[in-house]
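Shown next as structure tokens: one chain only, the form predicted on its own.
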Amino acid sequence: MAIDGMAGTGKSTLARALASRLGLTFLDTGATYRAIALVAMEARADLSDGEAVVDAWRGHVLGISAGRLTIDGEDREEAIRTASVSESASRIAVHPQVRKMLAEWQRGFVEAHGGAVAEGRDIGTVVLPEAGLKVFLVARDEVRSSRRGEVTAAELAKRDIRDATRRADPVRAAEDAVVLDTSEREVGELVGELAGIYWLTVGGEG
């Protein structure tokens, strides 16, 4: 299952709950971009240079253990959740080299787990275009900014423009995606609705 949408639409919360409900692995692809950004920052690489970011990552191993992100076997979940890493992840996500590298890793992760509920910005359009169920989440700006306490509304707007206008894999809903507004919806309600659609359309095949 592919769940996409802009920051603050509730992708991670919904995807994690759905994965639990359906008995599937959860994949937060945004965390993988944060991991690359963290390593690039620690290496003092030029984040505006895609090749420099990829070079900084070479030799490192990305993993997910018990739902927590690891780099070279070390738990870095807390380190990747800072505001500075979040902003840097958005900056490096514009680079085609970085996106290609991570899309390949993400596909391999889903395949290795026999399917997953993967959330991000381009899962249904680029990473998993053959996903049995694609969902695109939207929400009002004020709701989104309140959910993302680490960023201001202005920073969120800047990130939106960057995500939607980048040349490599801009954020957009897949043509066959189910579009849901999460502004006034409870997570449990959304999980029930999407789980029902999943079993009807996918039949539990992945």
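The first residue of the shown sequence is 1; numbering continues from there. Model, not experiment: these values are computed from the prediction.
One more form of this protein exists, namely the form predicted together with a small molecule; it is left out here, but the text below deals with it.
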>> Partner absent here, but in the predicted bound form, which of 176-184, 53-61, 135-143, 31-39 has residues with a heavy atom within 4.5 Å of the small molecule?
In response: 31-39
> Using heavy atoms and a 4.5 Å limit, would one call residue 155 a contact residue for the small molecule in the predicted bound form?
Replying inline: no
> With the partner left out of view, is residue 117 within 4.5 angstroms of the small molecule in the predicted bound form by any non-hydrogen atom?
Replying inline: no
> Does residue 93 reach the small molecule in the predicted bound form if we count a contact as any heavy atom within 4.5 Å?
Replying inline: yes
>> Is it the case that residue 89, even though its partner is missing from this view, gets within 4.5 Å of the small molecule in the predicted bound form, heavy atoms only?
In response: yes
